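This document opens with one chain alone, in structure tokens, the form predicted on its own.
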């Protein structure tokens, strides 16, 4: 028998952007070959300096840690959903520019590393420190701006000092693959994946608000098409779900079918998933399965008795413990971030 397996979906090659074949993955943890890839620049060169991590700025004792130093420190392992903030961008109406992700820019991995706050205990933070800036090794040009830019972002102190914000060196029990940030990557649970800076090469405490282009130009919600008025930063993941099976526009035989998928959130935990088989007129609760890691997704399933021929619109919506409910329509913004409208699948029963 041939070895039949899914393959990532290519969105661009340079820089490489690959979508996970999310509809065909059943494991709770995404295998590395199927983990989505999102890059702004070509892959960086890894040198000896890539294994050094200086921590400086508004600190009492500037220090440089070697990646081997982190291996000797107390560590923790965390299952974390990583979702690109542009996931499902192709579904926005009116359409927006950017990588046209269709739902597979999300994955889940088990990351091991050292809490960032442990490193900051060694250096000490000054009373003037307001934010922590993280700079990656990847760099390149930006359209309409002169010079070369590295990918850099900041976190407010409360998020930076959270015990589960870690400097990771392993993914799924192995050293982080090069494509996902080897040798060190910042992991920020519950925030969209742009916060989890790859190929981490520098940490700097600052006394002001960081205004780099990946903080103030990109990864902002701009609700107006031609104005910056009302902009807000992209941070926590919106409550979301996806119907993995059946696939959109499938033709199915009459009978009982298993509708199943995933649900996740950046606020609290998933509490319910509901499914509609009539385009949203009536909703029934799905069964949530598997473990409920605090930062992980849940799997869910619903048995659908479909014996009448015709066209059907299937939908799923999730709710979380913070009171957020997946909406019928996503809030439009001109860069196409945070799409989380009902997952919708059309099928025909014959």
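Predicted model, so just to flag it, every value in this text is computed and none were measured. Numbering follows the first chain given and starts at 1.
Absent from the display: the form predicted together with a further copy of the same chain. The rest refers to it.
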Discussion item. Please identify, from 156 to 164, 143 to 151, 267 to 275, 106 to 114, the stretch that has a heavy atom within 4.5 Å of a further copy of the same chain in the predicted complex.
Written reply: 143 to 151
Worksheet, complete the sentence: Answer key: of 284, 49, 308, 311, within 4.5 Å of a further copy of the same chain in the predicted complex (heavy atoms) is 311
Response to the item:
The listed residue (236, 252, 220, 79) that reaches within 4.5 Å of a further copy of the same chain in the predicted complex by any heavy atom is 252
Worksheet item: Should residue 170 be classed as touching a further copy of the same chain in the predicted complex when contacts are defined as heavy atoms within 4.5 Å?
Response: no
Fill in: Touches a further copy of the same chain in the predicted complex: residue 45 (any heavy atom, 4.5 Å)
yes
Fill in: Close approach of residue 124 to a further copy of the same chain in the predicted complex, 4.5 Å, heavy atom
no
Discussion item. Test of understanding: in the predicted complex, would residue 18 fall inside 4.5 Å of a further copy of the same chain by heavy atoms?
Written reply: yes
Fill in: a further copy of the same chain in the predicted complex - contacting residues of 322 to 350, heavy atom within 4.5 Å
346, 347, 348, 350
